[in-house]
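Single chain ahead, written as structure tokens, the form predicted on its own.
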């Protein structure tokens, strides 16, 4: 069983139109805080990511944000976090989030969320980590993503084992259950390769 102390979430810098996604972000943020974990995220003060961060803070949790300096003003960085890390680039942001996380959860989001998901998945595929990656398919939002992965496998660009790189669940409680059941990572930090 994985010893989770911090969870990195990837989700939208916009709130989206479906209120179920906002409710999910609240449940995830609150659940992270209630477990005594640290929430790690992109550091913005807008969108679905802020809903999760605010929920964790409201529940008494610790929240670490990482945001590039060039986005800190345009995305309106969150000013009430436990820790805010300013980075020089998007890559440094993702590396900072990776370094501080024991596991990753992909909530509804846009192109940036997809970028983060595929990068962390690729890092796992090439053996840079084996931390749990959970896709939270809230209200079937990520069904097309699952179909895309199936297409990639079906066309011979990935093996069936690609399905083992991540789990798909349908809500916050299922996500926490999947994280509790995940095996401990066996690959140590490899910052020189990221």
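Residue numbers count along the first chain shown, from 1. Remember, it's a predicted structure, so these values are computed and weren't measured experimentally.
A second form of this protein, the form predicted together with a small molecule, is not displayed here; the remarks below concern that form.
- prompt: Does any heavy atom of residue 102 come within 4.5 Å of a heavy atom of the small molecule in the predicted complex?
  reply: So residue 102 does not count as contacting the small molecule.
- prompt: Any of the heavy atoms of residue 24 lying within 4.5 Å of the small molecule in the predicted complex?
  reply: No, residue 24 stays farther than 4.5 Å from the small molecule in the predicted complex.
message: Given that the small molecule is not shown alongside this chain, does residue 94 nevertheless sit within 4.5 Å of it in the predicted complex, heavy atom to heavy atom?
response: Flag for residue 94 set to yes.
Any non-hydrogen atom of residue 111 within 4.5 angstroms of the small molecule in the predicted complex: Because a heavy atom of residue 111 falls inside 4.5 Å of the small molecule in the predicted complex, the answer is yes.
- prompt: Hey, with the small molecule in the predicted complex, do 14, 71 and 116 all fall inside the 4.5 Å heavy atom range?
  reply: Contact check passed for all of 14, 71 and 116.
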